[in-house]
Structure formats: structure tokens, C-alpha cells
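Heads up, the chain below is alone and in the form predicted on its own; it's given as C-alpha cells.
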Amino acid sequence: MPRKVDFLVIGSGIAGLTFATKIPRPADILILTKKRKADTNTNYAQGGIASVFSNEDSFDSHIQDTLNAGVGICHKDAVEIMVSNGPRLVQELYDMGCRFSVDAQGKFLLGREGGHAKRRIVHAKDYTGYEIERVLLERAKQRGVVISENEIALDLVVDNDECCGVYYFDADTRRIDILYADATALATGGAGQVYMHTTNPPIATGDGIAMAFRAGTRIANMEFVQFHPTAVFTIQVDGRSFLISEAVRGEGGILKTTEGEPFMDKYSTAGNLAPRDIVARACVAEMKRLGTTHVLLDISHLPADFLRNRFPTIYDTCLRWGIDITREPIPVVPAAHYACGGIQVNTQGETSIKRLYALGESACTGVHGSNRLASNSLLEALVFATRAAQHAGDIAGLAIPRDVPINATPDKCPDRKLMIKEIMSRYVGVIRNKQGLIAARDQVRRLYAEIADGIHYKNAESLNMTHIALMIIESALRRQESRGLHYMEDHPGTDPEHAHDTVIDRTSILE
């Protein structure tokens, strides 16, 4: 039987948990998560959360670094909101018990990462995301928020351009049902699994973005897929490429060819601290030039005790796979890491459908532009989820629509995930061209034609990944220039005529 809650949150990372714990009034709040409650991109975030705490730093500097990385299409008002609210909310996490690294006087030990002019990365060694997830899960428990695991959200229930809740599949009872809510928040994370090599966990199949797309919301900037330059070439952990945090380069790590030649100074005056788009392309260029499968990240010149203390997770994981980072370089390769685009929202987290919010990596607030600045992701999620919760707290009660059908077609959705990964990795990676994008679009459209329409629980991820792939490809084809994370061999220059968001919806792709 359908049930109703006051607030429904889909996803249990930093964005979903912040929203759920910041609703300003007593309420019945339910979080659905399709695996375990801690199985999120947040949990695997190593580097930290960017925010201004140093006397040598300023809001203006952080804002300018963010705008520079975004190459002309960041929404400055959203960037200013994010940066100015950061210190207060990061301090709040610390006060809640988040064990950020501090000095003897109790001040945050601030790291530096690519694209940042100053040290402003608040971190808990190299397991910052784990710490934030731990603290927010405890706060959710204290607030009485219910978290239901093994629940697969299938599609949004929309009536008269108003979101009423979701269709979902309960993996324990094997039943499809409807959950109604006064307000629904999509916080399902990114979509890295549409690529063969990704730092994202297996659950990151773009479910929230795909559901919103099918419901008719506006989607923005999907062509800007951030490839992290330094995923370990030889290490896969639970279906994801193991990431070497950008903080390693921030502390002095050097990218080298397999022949031991440093190369980043050829590509940027910032060298190894250049923004991720530049570094990823540089790595790919050097791999192509030498015909190698990877490059090297070397930090072995730093004291071994420092490395073991500053990067314990990286040190231990690499050592288990036979790589001693204190003695030898790490073989690395770019891997799909973060979606800078997503469901278009305003600065309150509202989508183009009433009662529907989008948060975190599922959303496009405009702060990242064409390339996210390192460690702005956790900050964006924290700030805008807080704002969305405050806004949603005043929302009126829902009049439940009548006669909403459950159209389940569980056996008509073939698994095409591997084929999608192969197509996207071949044609829609770090370096693209029009011919390859058209070939990718044709192949993905053929896959889409094989997948039945309707609500699915069997291989639902195939449908979502197909829609995500089409969104990325179509957005990339519309941007006939190179900007930030989107590099076109046919159009290597940046065109001022394209200094705006790429906005699409279902009608522009599927109908």
C-alpha cells in the first residue's frame, strides 16, 4: 500500500543527510538508499572540503579561484553563496564531532590542491568523506530520521507539474510501490559508472538525474564530466578505480612519464597544481605520445613518516597491492570522477518541477561551471542542501493525487551497462571529436531502442545509464568549442558565443 511522509530524500551522502537533518521543524523524514546507507561518493572522498579559514586567505580569493577553474560559465551569485557560507557550516561539522586534522592550538591544518591560490582544504587526513558521513549519520539518528536500505527509486510521481513522490522497488520484499511526500529531494550522487574507469562506487549510475530527466526537468552542463587525473592504474576496489587524492600533489607529488620525466611544466605555469582538466589532458597527451597505458605520480622524495601519517588510507591500500609510495612512484591514469552538470536548480535547490529539490552531485547549481575546483564538491553539497532544507521547511502539505497506476515491466529491460561503458570510454572521454560523438549517439540510441519504457526494477540501472549517456553526448555535440572539461579536437579554442549553460530536457533528446 502507498504511504506518505513529510519529506522524502533519495540518497544518503552528505547532501541527502544534510537536507534531512536541517529541516527546521518536526517532521516525518525518510531517506531511501539503494544499497547500504554509507555506500556513497561522500564516503570515498579523500581530499577535503574547501573553505576560508586562514588569515592569509579571503572570500574573494576562493571565489576567484572557483571562477577561474569554471572558465567563464560559473554562476557568480551561487559561487558567492557557497564560499561565504562555507566556514560557518564546516565549523558546525567540526563542532558535531567531525575529526578534522588540527594543530596543537586546535586550528585546522589546511591543505592545498590544484587551482587554489591558498591553503584552504580542511581535511581529516585522507578520509575526510568517511568522517563527514559518520557524523551526519549519527546526527540523522539523533533527529529521528528513518533510513531505509535496499530501496531502488524507479521514477518520480508527477501530477500537474508537481512532484508527489516516487515509485520504488523494495529489494527485500520484492515489491514495487509508491511513496508520497510533501517534498522530495534527489541526492543520488553522480554517474561515473557510465565509464569503464571511474573512481565512483558501483551505485553511481546517475539515477536521480535520469529520473528527473524522464519527468521533464531541465538538465544543464552534462558535457562537463570531470576525469580525476590520478586514479591508480592497477588497483580496483569494490568496482571502482582507487583514487590518489589531489592533496598528494598539493603536498609535493610530481607527475612523470613512465621514463621518469616530469611533464606538467610543459602544460601549465601552475605545474603539478594546475586544475584537473589541464592535468587530465596532459596525462592523456603524454600517454599517447609515448604509447603507454599510464603515467607516474611520484611522492617518494618526501619523508616516509610524513606520508604514512598524512595519507594513511592511500599508503595502506597501495601497499596491499604491492606499491610502497614511500619508495616508488604510483602508476596512475585519468578516471571518470565527477559530474559538473546535472538537474538545473536555483540557489534554494529547487528544480523546474514543484516540490522537487536536487542536491549535491545530482544537481547543477552553477558553481562549478565547466570544471569543478578541487574540494568544492563537499562544500557545495553542504551549503545548498542546508538552503534547500530551510526552503522546504515552509512547503505546504501535499494533496495526494488519485488513481496513480503502477506500471511495472520487470522483464523487459535488458542489461546494457557494459556496452554503455565501452561506448562512452571510447568516444566521450577526456578528448573528443564530432565524428566520435555522432558514432556514440547512434550506438546508444540503438541500445535505448532495446530497452522497454515504463518502470523497471530489473536492470533499472541500464535505463538510467542509457539516458545519462545520451544527455552527455547530446550536450557535448551542442558545445562546438573546447572549454574546461570539454575538449574537442575539431574545435580546440574557446568560443565566447558558448559562454553559457547547455540546457536540455527530455523533449530535445527522446521525443
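This structure is a prediction, so every number in the text was calculated from the model and none was measured. The first residue of the sequence shown is number 1, and the count goes up from there.
Note that the form predicted together with succinic acid (SIN) isn't included here; everything after this is about it.
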| query | finding |
| --- | --- |
| Contact label in the predicted complex: Thr184 to succinic acid (SIN), heavy atom within 4.5 Å | no |
| Exercise: Leu243 in contact with succinic acid (SIN) in the predicted complex, heavy atom 4.5 Å | yes |
| Proximity of His337 to succinic acid (SIN) in the predicted complex, heavy atoms at 4.5 Å | yes |
| Ser370: touches succinic acid (SIN) in the predicted complex, heavy atom cutoff 4.5 angstroms | no |
| Residue among Ile330, Val145, Ala220, Ala374 with a heavy atom within 4.5 Å of succinic acid (SIN) in the predicted complex | Ala374 |
| Gly47, Glu113 and Arg276 each touching succinic acid (SIN) in the predicted complex (heavy atom, 4.5 Å) | yes |
| Segment that reaches succinic acid (SIN) in the predicted complex - one of 297-305, 349-357, 82-90, 244-252, heavy atoms within 4.5 Å | 244-252 |
